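Below, in structure tokens: the form predicted on its own, a single chain.
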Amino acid sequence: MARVLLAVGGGAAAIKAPLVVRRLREAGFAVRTLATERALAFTTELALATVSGHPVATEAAWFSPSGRVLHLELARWADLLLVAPATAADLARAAAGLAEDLLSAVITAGVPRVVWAPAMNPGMWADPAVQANVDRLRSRGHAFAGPASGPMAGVGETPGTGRMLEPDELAEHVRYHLTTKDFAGKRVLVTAGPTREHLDPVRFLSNPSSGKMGFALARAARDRGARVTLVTGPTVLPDPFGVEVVRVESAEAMRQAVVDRFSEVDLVIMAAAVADWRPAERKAEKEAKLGEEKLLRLVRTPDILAELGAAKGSRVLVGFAMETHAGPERALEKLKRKNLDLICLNYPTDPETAFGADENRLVVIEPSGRTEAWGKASKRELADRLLDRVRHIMQ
């Protein structure tokens, strides 16, 4: 289990620090906390100790007569130091190489990785001195998560760039920095979400796919060092950082985005729920609701996966199949017909792993017919497990 030391700086965003701890622990990290003197004006030792399960390292603890060399102890314990929120003063002390408080002393003591999550007024973030300190820290191998644009603390302050990333986003950045880069140098294309086939400007045919499985695969491949392109249909999920995101709507638009990039990639994972049919005619205007019935003529959409399989070459191609019955037989037939290396079968009618769920079950099928059932797990866990299997194919 990787170990994360969360250092809480003295900004208003410190009120979110307990939630940052919770998100880090949910992601599977061991977490301890350090609070600067000013941070305790916005949060409390009790809150941080409760969510982390450990005493909080503070200035008072640093100078206690226990004989412990706390800054060295913390630097040796941590695999990564996350400073969130990071103030302009925190950045300045670290850039200058000072060790005048516990946080700067831990940094100079040689913690392996440092990730800063800045939080300050937009004018302060844009100040040349602050940006010079950021550049200096980056040159030393420190990483930055954010800041984002959004509302600022303080009466009358206008939105701008300087807002700390949200706790779940910070956990995602930490995971990225602590993941082995076994896909470094690989180009990966993932599809996700549904497609929409419009009948008219306001009506369409679609399905309930949330895109969560495809987004989990894109994040997992990014964390493992791949250059990732995510082609996604309509979804409310935010763009993952460090991923090229191409948003499309129809099956034909998804096909074009994938085909345009296919020659550049080593691995394609088609996790999107692409519509099989589209209206033969799309009306230019919304039709009135007249009569008791209406016949709709449908035509096939392009079979993207079959097209890729025919031109696969040395690339690895992974498909997904959703079935309500006879799943393994149908999935294996689809794998062979479309020249896939693996196919992942799931059942959207399972109430625990239905469309939109955070967890899934997969049955992974190989060209030989070998089948392996993976029990219910988070979509991120299943994404990493699938990439483990793909890595062996690519070797």
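A quick note: this is a predicted structure, and the numbers were derived from the prediction, not measured. In this text, residue numbers run from 1 along the sequence as written.
Below, we turn to the form predicted together with a small molecule, even though it does not appear here.
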Of 274, 216, 130, 81, the only residue with a heavy atom within 4.5 Å of the small molecule in the predicted bound form is 274
Contact with the small molecule in the predicted bound form, heavy atom within 4.5 Å, among 146, 319, 167, 309 goes to 319
Of the candidate stretches 238 to 246, 274 to 282, 172 to 180, 112 to 120, the one with residues having heavy atoms within 4.5 Å of the small molecule in the predicted bound form is 274 to 282
Notebook entry, point to check: Should residue 101 be classed as touching the small molecule in the predicted bound form when contacts are defined as heavy atoms within 4.5 Å?
Noted result: no
Contact test in the predicted bound form: residue 338 vs the small molecule, heavy atoms, 4.5 Å: yes
ask   = Should residue 301 be counted as a contact of the small molecule in the predicted bound form, where contact means heavy atoms within 4.5 Å?
value = yes
- Query: Going by a heavy atom distance of 4.5 Å, is residue 305 a contact of the small molecule in the predicted bound form?
  - Reply: yes
